[in-house]
Structures are given as structure tokens and as C-alpha cells.
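Quick setup: one chain, the form predicted on its own, written in C-alpha cells, and binding and motion questions come after.
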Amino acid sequence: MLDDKILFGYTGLFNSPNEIIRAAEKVSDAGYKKYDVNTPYPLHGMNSAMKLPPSKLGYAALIFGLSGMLAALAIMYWVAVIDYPLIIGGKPFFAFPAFVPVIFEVTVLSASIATVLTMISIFFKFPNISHPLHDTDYMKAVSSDKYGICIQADDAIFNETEVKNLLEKLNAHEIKPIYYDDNEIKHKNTVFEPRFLILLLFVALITAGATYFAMNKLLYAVPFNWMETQEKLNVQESSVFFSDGFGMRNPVDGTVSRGNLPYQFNGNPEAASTYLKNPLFPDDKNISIGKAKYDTYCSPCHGYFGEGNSRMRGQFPNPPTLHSEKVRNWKDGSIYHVIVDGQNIMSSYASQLTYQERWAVVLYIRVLQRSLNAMESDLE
């Protein structure tokens, strides 16, 4: 009967951690490569005793992680530079620092998921969960209080007599051969087995159905509708309450929102130059605010030093330098007026900058002008 069986290997049991560590060292020194040690709990130093090389699973993590990173980088570059480029605050089309969080998350996610799948499907041969050692007295013993070693028959230097003699010299007891059964021989790779594919499809359908029911029905069962139905109008939604049918309403004529007085010098730069005075003191705090807002909103066209060296060449005409005698002789009110009302192709920045921020930008422009047009008294 045994002659028809295919030999998997020979096993031997030991009574203590020291004995199994010594046995692993001797088997490794004898030149065997395909063997395994089974213990009821991890033993410190076993890797060294077995002379195990580093796991190749790290290469899978590296490959899939780099693949996810490059894919995320390529997609974001294509969207930001080729398909839908946007100019935001003078930033370059491909603003790499803004993409780092996404790249990091995709790298970690792809590496972790693909590594687990590689470990289960390639290293652990899932879904094939059959193994010759399963349900053997040897496995029951090493799962309880014994320590065992199994030398496989497919090792390059395996010799049945020599393996038995080696285990006897190591004082192993219950030395037994382990054979494959018919099911393990026929189903070594069951990934594409119809029963397994049907099981995957069944699990996917059950998971999708349960998720849909929980997220779309169960969570919204009365009275838990999470305020989905409210007496309000969404943006651009029609209204049956107002006679014109519009849900979005314009402000009432003649009213002004609190703290936002309308600019009274629209289209009148001369009056703005005459009546507007900078209320801010040129201290470090106000100049720092002005620098931050200037770098964000003004530098894309005027340059970081106000010299008119636009970073958007070919998209808009370069503006004149802020260091010309004309602009240096402007009063603060004139510069403030251009910020609020715009000039030529420069649009208004009233919606981007608050009242105090506009005056802070004026202060910083004066700092830039003084830095490139210093007077002799500044050196004293």
C-alpha cells in the first residue's frame, strides 16, 4: 500500500528547545535546504540556527509600492499639466509638495495590499490549504508540547536512509515518514478551480449586497434619516415660495453686510489718492502679513521683488515694474485703489484680500521699493 504513496519527507520529535535548536543547526550544516522546524511557540535564535536567508517578500513590497507611487505621480502629472492645467496663486502646474500626501498614501496602500495578496497566494499557496502534515500525529504533538523537524523528500541531497540515520543521531524520537494523499497530489493549485471562483463570486455578491443595504437603507431607517430631508433650498434649486421661482436671493437693495462697507472710490483713482491713508503702522507683524499676501497674489505677475518679471510668461503681458519713478511717487491710496479696483488687465483683488491685508500689501510694496532704491540716509 505504501509503495503507491509519494513520500513527502521524514519527521522527528524533540522534547526541549535546546534539542530542536541543536537539531536545526546540524541539519543545516549537513547541507539540507528544504526542511522546516515546527514548535508550539516562536523560538529565539531559530532563524540563525536554520541559516534562513532574508524573506523575498520585501521585494514584492518594494515593487508594488514603487509601482503605486509612479502610477499616482503619472496620473497627477497628466491631470495637472496636460489635461486640466490651472493657475492657482502663481504655483507651478505640477506643484509637487501638494501631491506628496497623495503619493505617500497610494504607495503605502498599494504596497500593503499587494504584499498581503502576494504572501497569501504565492508564498502560502492559498487557496490550496491541504498539506501532508495536516492531521498527523506529528502536527498534533508540535502544536502542544513537542518540537519537531521535517526534512522534505524533494531536497537535492535527500536520501531516505541517511535522513533516518541523521535524525537518530540527533536523538529524535517517533521518526516517521510522511506521504502525500491523493487529494494533495491532484489539487496543488486551486486558484482557478470552479468551486473556488464560485465561492469568491458568492462572497463578493453577499458583501456588496450587505454593504448597500446597511449604508443606503438601514442607516436611513426612520427616525434616523440623518437630516436628509430638510426645509431648505439647495444651491440653484427652484423655489415655490418666491413668486419668481428662484431659490437663490440677491441681497436687499441698499443693505450692507456687517463690517463690509462698500468701496466708495470705484473708478476714481484721484479721489482715492487724495483721501485714503494707510491706517497700519509699518511694524514687523504688518510687513510679514503684507509679504505673505504679496507672494501669494501679486508675485505671479509682478515677481517676488516687484520688478515685473512674471512667472506666467506667454499667458499674460508682463506688468510694469513697481520701482519706476511714477509708482514710487504714488501715494499709498493710489496703490490701494489699484488693488481694490484693478487697472488695465489687472483685475480687482478685493474678494481675495481683507481691508487690513490690502494695506499690509501696500506696506510691503514700499519695503520692496526702498530696498532697490535706497537713499544715502538709509546707510547711516
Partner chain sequence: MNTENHKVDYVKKEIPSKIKKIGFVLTVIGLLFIILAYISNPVRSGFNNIILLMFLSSIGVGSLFLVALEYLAGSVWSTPFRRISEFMSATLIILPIVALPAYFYLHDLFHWTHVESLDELLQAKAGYLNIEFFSIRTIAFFAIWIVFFLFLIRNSFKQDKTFEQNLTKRNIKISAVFMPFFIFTVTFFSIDWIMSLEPHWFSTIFGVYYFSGTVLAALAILTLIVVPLNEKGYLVKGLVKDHYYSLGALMFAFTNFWAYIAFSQYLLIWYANLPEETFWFLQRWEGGWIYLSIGLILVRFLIPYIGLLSQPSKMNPKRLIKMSAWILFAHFFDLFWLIMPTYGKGEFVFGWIELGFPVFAAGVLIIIFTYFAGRFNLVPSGDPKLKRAIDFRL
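Source: prediction; values computed, not measured. Positions refer to the first chain, counted from 1.
The following text describes the form predicted in complex with its partner chain, which does not appear among the structures shown.
Chemist: If you check in the model of the complex, do 26, 34 and 75 all have a non-hydrogen atom within 4.5 Å of its partner chain?
Modeler: Looking in the model of the complex, the three residues 26, 34 and 75 all stay beyond 4.5 Å of its partner chain (heavy atoms).
Chemist: If contact means any heavy atom within 4.5 Å, which of 211 to 219, 146 to 154, 279 to 287, 99 to 107 contacts its partner chain in the model of the complex?
Modeler: Answer to the contact question: 99 to 107.
Chemist: State the residue from 164, 91, 131, 125 whose non-hydrogen atoms include one within 4.5 Å of its partner chain in the model of the complex.
Modeler: Exactly one residue meets the criterion: 91.
Chemist: Since exactly one of 95, 292, 141, 116 fits, which has a heavy atom within 4.5 Å of its partner chain in the model of the complex?
Modeler: That would be 95.
Chemist: Does any part of residue 326 reach within 4.5 Å of its partner chain in the model of the complex? Heavy atoms only, please.
Modeler: Output for residue 326 is no: heavy atoms all beyond 4.5 Å of its partner chain.
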